[in-house]
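Heads up, the chain below is alone and in the form predicted alone; it's given as structure tokens.
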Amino acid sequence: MHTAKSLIALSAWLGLQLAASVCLCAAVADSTAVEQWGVFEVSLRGPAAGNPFLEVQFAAEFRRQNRVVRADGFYDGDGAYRLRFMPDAQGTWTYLTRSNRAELDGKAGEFTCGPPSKGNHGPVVVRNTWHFGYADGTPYFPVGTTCYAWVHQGDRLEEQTLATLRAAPFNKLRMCVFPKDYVYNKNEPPYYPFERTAAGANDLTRFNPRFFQHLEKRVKDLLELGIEADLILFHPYDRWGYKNMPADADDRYLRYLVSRLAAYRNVWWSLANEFDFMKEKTMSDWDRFFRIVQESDPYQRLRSIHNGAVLYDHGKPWVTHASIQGYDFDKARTWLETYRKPVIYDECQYEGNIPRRWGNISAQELVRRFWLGTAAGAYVGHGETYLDADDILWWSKGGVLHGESPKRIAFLRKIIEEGLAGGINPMNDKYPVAGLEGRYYLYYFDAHQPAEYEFDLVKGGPYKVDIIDPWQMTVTPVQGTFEGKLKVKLPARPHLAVRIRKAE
């Protein structure tokens, strides 16, 4: 005889199987098991008449022991409704749907959350004040790049971008949700976020599910590569009307996007690229957008906002880390100490040769900026803008990388990951240095380093010393171990680093 609990589970399973033909997530096909920090999906049939985006409310409560997590569902077109949930604990979870429509209300079921698969360390969170780590405690040091409009280029170029990323050193990628209209990026996207008339007018009350299905596919592609998707929710470079939508459309868009994507563990929210260039929005609008995302997201994904000429107040409680455009690394320590949050220089200009001030720095200069930012206790992002006959520039459309900086950024990433698992913090000295007193020091000597420098190390050694050439990608150990004051002769060339570590 079936128990009441098994009958509930069986009816939920049957309901999910009826919807399998429109299912987008493999978790629904096997509705009884999902890995920790994976995605469990409930898919149901519901009303398609009228305007479901406005008229139907759909959510669920997910329970495990004494915990309750509420997640909003969304309409995916053609009568399909979905709920996505990321379980963060192993064991049995149950769910119960809530809706203003009978077809979607009161649907119950359960599933088992098992161990995470290899490479699944959970979502990235802030830890140790100024740094990041995965939910399972594995260190995470962001080494990001920018490909603003790569998901709006069609499958052939997008697949090429993914192939490039597979061999690149980047573990975070900044990308726009909306298509972009800007220099070297004038093509129409294959999909639009809202339904449109033949004349191109947006119906801001009706989302285009195909647009969001495609976006989700690319977010999952990045997840499989171990890359965080830093999603830019608004930007000023637009000819389709998305930057000046009315407040109700802005708010509805944010809630819809969060309901669709928040369950993917590699998602970050960047409220805007160059928010202050969007003159249609006020500072109170940006505060409201942050609150909507924060309140709608059951998992509290990382949240930031990127500046043009004006900095947002990153000290506000809904901001998890500072996203900075600029290369004034001497301010990093002040920002770190003021905000008490991680600082990422997501845009410090681009390696390339376009006739724009921000897109024609050399590979040597970009590598230099990565090291300056690292030695300041912050993190730095990459970008590339080499001219192309077909206007396929990495910074906007993706494709392939042409520059000399990525392999040297990979070298720096290795240096960072060989360092302290908890991250390195800014320290006091004449030259940029980050580390942890008595354990680890990473100095960067810029264009005019001395021929010899005396390091005053705290007691507690002995220490071992390496001279690092960031461009040649070499590490040269200094023979012996040292304590107290230490004089090191430096090669007669600029842009060198010195690493001092406590000898094991």
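So that there is no doubt, residue numbering starts at 1 and follows the sequence shown. None of these values were measured; they are calculated from a predicted model.
The same protein also exists as the form predicted together with another copy of the chain; that form is not shown, yet it is the one meant from here on.
*Asks:* Work out which of the listed stretches, 331-339, 300-308, 350-358, 81-89, brings a heavy atom within 4.5 angstroms of another copy of the chain in the predicted complex.
*Replies:* Only one stretch qualifies here: 350-358.
*Asks:* Is residue 453 a contact residue for another copy of the chain in the predicted complex, using a 4.5 Å heavy atom cut-off?
*Replies:* Contact with another copy of the chain, yes.
*Asks:* Even though another copy of the chain is not shown here, does residue 49 get within 4.5 Å of it in the predicted complex, heavy atoms only?
*Replies:* No, residue 49 sits far enough from another copy of the chain in the predicted complex that none of its heavy atoms falls within 4.5 Å.
*Asks:* Tell me, yes or no, whether residue 431 is in contact with another copy of the chain in the predicted complex, where a contact means a heavy atom of each within 4.5 Å.
*Replies:* Yes, residue 431 lies within 4.5 Å of another copy of the chain in the predicted complex.
*Asks:* Quick one: does residue 365 come within 4.5 Å of another copy of the chain in the predicted complex, counting heavy atoms only?
*Replies:* Residue 365: yes, in contact with another copy of the chain in the predicted complex.
*Asks:* Exactly one residue in 386, 256, 240, 191 has a non-hydrogen atom within 4.5 Å of another copy of the chain in the predicted complex; which is it?
*Replies:* If I apply the 4.5 Å criterion carefully, the residue I get is 386.
*Asks:* So which residues in 487-502, when you check another copy of the chain in the predicted complex, have a heavy atom no farther than 4.5 Å from it?
*Replies:* Read in sequence order, the residues that approach another copy of the chain (within 4.5 Å, in the predicted complex) are 492, 494.
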